[in-house]
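Take a look at this single chain, the form predicted alone, given in structure tokens.
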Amino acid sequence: MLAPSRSAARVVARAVQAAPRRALSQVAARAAAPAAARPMAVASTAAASRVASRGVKTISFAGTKETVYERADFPKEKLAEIFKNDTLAVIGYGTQGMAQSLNARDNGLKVIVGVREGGHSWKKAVQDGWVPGETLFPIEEACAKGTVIMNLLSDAGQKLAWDAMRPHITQGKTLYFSHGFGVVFHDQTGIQPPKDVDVILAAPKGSGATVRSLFLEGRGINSSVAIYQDVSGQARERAFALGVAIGSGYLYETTFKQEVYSDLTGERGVLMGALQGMFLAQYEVLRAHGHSPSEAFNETVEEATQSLYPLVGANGMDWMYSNCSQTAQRGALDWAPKFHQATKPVFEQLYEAVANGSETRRTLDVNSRPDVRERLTRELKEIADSEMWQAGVEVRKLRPENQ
């Protein structure tokens, strides 16, 4: 067990005691509170690196200066002015389509939704208050009515729907994405935007469920913004404004290519793929040496997600190293380079697969097969039924907030 030092333990204890009783998990409360308890020198240093006024800031990220926009730069009144003549047509009603359309609607903008009529997404949209014939339409009709076409279909879905959508993306409109996949890998998807429209991107760094929940909490997710094509001369402002409208708290600029390369690498790496792989490897080693399922799960997953990761998220890994026992410090310092050396070649292979398009080809191939849903359900069930995550079901029931 990685034991925090006494001072760190006191910080966590005070944070938990002070956490407001609201509809947030204890994890979120713990993660948010320690940041306020950090030394003032850290906060003042960060503040000193910010240059500019009225929200838009130039911030030095480890010596590299970047401009960051905040929600305060685009209040509702400004959003209403920028999009006063627009109809946002959200195409697709998966987690991102749901969250972004509802957030933009709540921000006072004119929004319609386009999905396949009669399908699961259509029924879900109706449940969420979208009205057939008024704010809910088949995809092609929504594209014809919209002035900002927000293509939030799955990557494979975008490829399949593009030929039907393309005739309705006419001069003067704006084509919007939340992922650079379709445009960057146009040789595989066939998605080549017309030359007479603005093409922009706002990519929330989280699931649609998080985009919606953070918006409802009055916060906002961080998002990247990119401009692929600026015909109107206003694409950049509209991209950042739309990023705020769909629920972002702060936004930074990138390119379509950089967004999709980093996103695909992250999803397959430390965000999900590597995380599951490492969790499973440690769990299996502990079980093979006689540790019980509950102990193996607690030492592998529960302590990480419920105690340490929130602290790392709030204060950084450097803070975590400085606020744990010397035994934990020594072991982590000695073994971190070994894990770095072992995993970096895998990440190099992963990035190369993304950059050369082979990862895209596999994604489009597998996700375009007629049995994609059955296959995905089967693979996900294998994870859910595994001993490690079945043990997790029981461990989570023991958390105080679940009693």
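For every residue, the number given is its place in the sequence shown, counted from 1. Worth saying up front: this structure is predicted, and the values here are computed from it rather than measured.
Unshown form predicted in complex with a small molecule; subsequent notes refer to it.
Query - the small molecule: the contacting residue among Gly157, Gly220, Pro193, Pro310 in the predicted complex [heavy atom, 4.5 Å] - result: Going through each option in turn, the one that passes is Gly157.
Requested in this report: Could you spot which one of Lys84, Arg330, His289, His120 gets a heavy atom to within 4.5 Å of the small molecule in the predicted complex?
Outcome: Of the candidates Lys84, Arg330, His289, His120, His120 is the one lying within 4.5 Å of the small molecule in the predicted complex.
Query - the small molecule contact in the predicted complex: Gly146, any heavy atom under 4.5 Å - result: Output for Gly146 is no: heavy atoms all beyond 4.5 Å of the small molecule.
Query raised in the report: Does Gly206 reach the small molecule in the predicted complex, with heavy atoms at most 4.5 Å apart?
Result: So Gly206 counts as contacting the small molecule.
Requested in this report: Determine whether any heavy atom of Val244 comes within 4.5 Å of a heavy atom of the small molecule in the predicted complex, and answer yes or no.
Outcome: No, no contact at 4.5 Å.
Report task. Although the small molecule is absent from this view, report whether Gly94 comes within 4.5 Å of it in the predicted complex, heavy atoms only. Result -> Contact with the small molecule, yes.
Query - the small molecule in the predicted complex: contacted by all of Val115, Ile139 and His179, heavy atom 4.5 Å - result: All of them do, each having a heavy atom within 4.5 Å of the partner.
Query raised in the report: Want to guess which of 198 to 206, 317 to 325, 235 to 243, 103 to 111 is within 4.5 Å of the small molecule in the predicted complex, heavy atoms only?
Result: So the stretch in question is 198 to 206.
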